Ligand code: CP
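Here you get one chain, nothing else, as structure tokens; it is the form predicted alone.
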């Protein structure tokens, strides 16, 4: 593989990436998908490098796929959970990462509940930093795997019609995808309870707001359902889960209002029967497991581009 030149030390968000940089990541990820289908799923691209996964919040898909991605690139992967680290003894974030830096890692992948945490860490350590989700701010690798999945199933990105339905205000996935829409010329519609709409929606460009999910999906190429971010919401934003499912959940009857070739996405974890019905999540139009597969390829691409930029 010819090494692409990625002009950043870190990947902190989609907002600060240009069109060509996003396409570079997606193209690199495409080349890595084949590795995961080999009998021996490993290439020597990052042999001798160390990747630390530092997670202050729970994770299944993101953390596991970053670990798998590092190992398939032949890097050494180290996983640290805040609940089993010196954080529980009162160690600060700065002290934690400075101690890790003293062990000479090449890349630190970090998830944290506070917006801006990854950017803060990137400013104090020499290792490359990948934002694996910071509060309700951004989740760039999720948006990139979403984009790869859209491109594979729809054949293009520019001009696509994307409907994002659910808890927009508290979703870092929605924010990163909306920044990508603005950069790549994807037409975005959002729908959800008024109490879950962000106040800064105008910052994302021409985003159409729909009050009914039927209107949001009517001409959509891609329907992205979001989980209610109950851990970030506080209280009183919606009467009940049953009412939310009735008004905003994607079931077979509602999906029938969308174009026949529209695909259904979800970043996970899913609350079946709330934002998405089980038969829709498991149906032929769902590409949710394709997103998971693409997550490994995208994270391989990110680690490769960041690790290669200093080798």
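Numbering follows the first chain given and starts at 1. Only a predicted model underlies this, so the values are computations on that prediction, with no experimental measurement involved.
Note that the form predicted together with this ligand isn't included here; everything after this is about it.
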Item to check | Close approach of residue 49 to this ligand in the predicted bound form, 4.5 Å, heavy atom | outcome: no
Next on the checklist: Would you classify residue 58 as touching this ligand in the predicted bound form, given a 4.5 Å non-hydrogen atom cut-off?
Outcome noted: yes
Checklist entry - Can any non-hydrogen atom of residue 170 be found within 4.5 angstroms of this ligand in the predicted bound form? => result no
Checklist entry - Hey, in the predicted bound form, does residue 53 get a heavy atom within 4.5 angstroms of this ligand? => result no
Checklist outcome for this item: Answer key: of 72, 112, 139, 189, within 4.5 Å of this ligand in the predicted bound form (heavy atoms) is 139
Checklist outcome for this item: Testing 23-31, 37-45, 243-251, 265-273 against this ligand in the predicted bound form with a 4.5 Å heavy atom criterion leaves exactly one stretch, namely 265-273
